[in-house]
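A single chain comes next, written as structure tokens; it is the form predicted alone.
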């Protein structure tokens, strides 16, 4: 036992061999004279820096510096050291590898490479995708005065400030005038897409990390706080309340998607230089590039050089495709065409469903063709030279039709008041009743819709072929791939493949274009009968979102706001299976399908296009299964690139 409180030449301290907050070289720490044990961190008196200690105890300080260097050379890493000085004699109590911020992790790793202490592989292993994600998003300056009013689920990282708006169209209109808005909803739906795109951030009182709001926000790189249960949203009165506090439309709030905090008023935001670098507006070699930007660049480049997994993006617009390519995506693994017919275009799907005969239905589909072709032209140009996997329409029809309960109430009210009901209203009501499903996510969608209304899928194939030929003629290099969704049987796949191949041949009319046709593995049956599907598929892409839902019998949109938090609290589940892949269950299905596909053909192409494609833990699993690529939201592409490199080093 040694004592730092015996005399004026005694004391205790904590030292770091480098700055654990910034990664700067040089010793960093605190010293407190005439103190013992935990006094340094207890805050009983103000401590002095190690620089000040050198003036008071120069001999002891010099010995401490020498020992710190010895320890760091031995451990080849930042060391956290506790020491005591007793009557002028230095005692080292303990040392350990020190904790550090994300910025410090990248900077220290590259410094140690330059000093010859570690290799680039080891530098890559000392950083992580989660740390890179922390560096990518803007953050609030929390030194400013702030008024915390609520805390929800941190659904999509970042810092967003704006006046609250409760209606998506109003959010869009205000954003067009240059005003910054935060869209506030109980929960979002596909109808809110236009407002979500326009808003700086999204705040919901319901839902979780994989709710519609969270998934869409992450895909767009928007800040989102979901499941803020303490907030009561009144969309009619255009206000929300937190206890006795009422916040009305037009008032400014600041939401932190990294912590889930909601603040009343405007907080100052600090932008991320790492994001500027990743988006191409700041070169790592530029004079104003910060040390952390240079460090991230070196480590990310090394990850790209060694990784086996290709990284693609989930993107549905030319803008998202271009952004993904800038962020390092090597193609599009999932282009969700149903997203192209939301918002103003939603009436096309409604008219297809309401058509009274096949001729009328085909006429509407013909109107959709030039719109779809233009969409594909923009995406294929943005991704020239890289594969673009287009998923044929997979819309649960309830997303495109009015709510049955609402329509029933409106019709009953009209009848009670003897109001006029138009033929169109009657037709919509009849169609919604006819098509209503108790569980639309397990109903008429995906491949089933293509079989029931074959002209829809044929139109999409024609549009993709025509767009590819147009792009090719303009000097670009289109690499389209067709993906059939929600297949469960070999016969479904064979029937549609023959139909689509015939349409491709007819549209090409002698022109040359390679267009592989594959399928999504989203149902457990598809996974365990993959050998049969492999006969008629050029590739498989695992839709791990739906595969998780169907394996667990969980509705992603519902469980996070009901029993899942309780399950996690009780440790009945170790993690949310929609955030990180359930390797024992869903992962086993992926492995079974992998084994069957590669037994059928050794080079059978396999990828992942669910949200798990951007999750660090899941990426290591996919790498170990020897899959070909993962696909994720554009803003998660750098994270996937880094983690794919780390997975390669770990398995080596």
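Residue numbers count along the first chain shown, from 1. Bear in mind that the values here come from a model prediction, so they are computed numbers and not experimental data.
If you look for the form predicted together with a small molecule, you will not find it shown, but the lines that follow are about it.
Checked against the small molecule in the predicted bound form, the residues 481, 103, 394, 72 give one hit for a heavy atom within 4.5 Å, which is 394. The single contact residue among 334, 181, 368, 299, judged by any heavy atom lying within 4.5 Å of the small molecule in the predicted bound form, is 334. Although the partner is absent here, residue 610 is a contact residue: one of its heavy atoms lies within 4.5 angstroms of the small molecule in the predicted bound form. The small molecule is not drawn, but in the predicted bound form it has a heavy atom within 4.5 Å of residue 545. Proximity of residue 325 to the small molecule in the predicted bound form: non-hydrogen atoms within 4.5 Å are absent; the residue sits far from the partner. Although the partner is absent here, residue 445 is a contact residue: one of its heavy atoms lies within 4.5 angstroms of the small molecule in the predicted bound form.
Stretch 537-545 is the answer when you ask which of 156-164, 537-545, 74-82, 129-137 has residues with heavy atoms within 4.5 Å of the small molecule in the predicted bound form.
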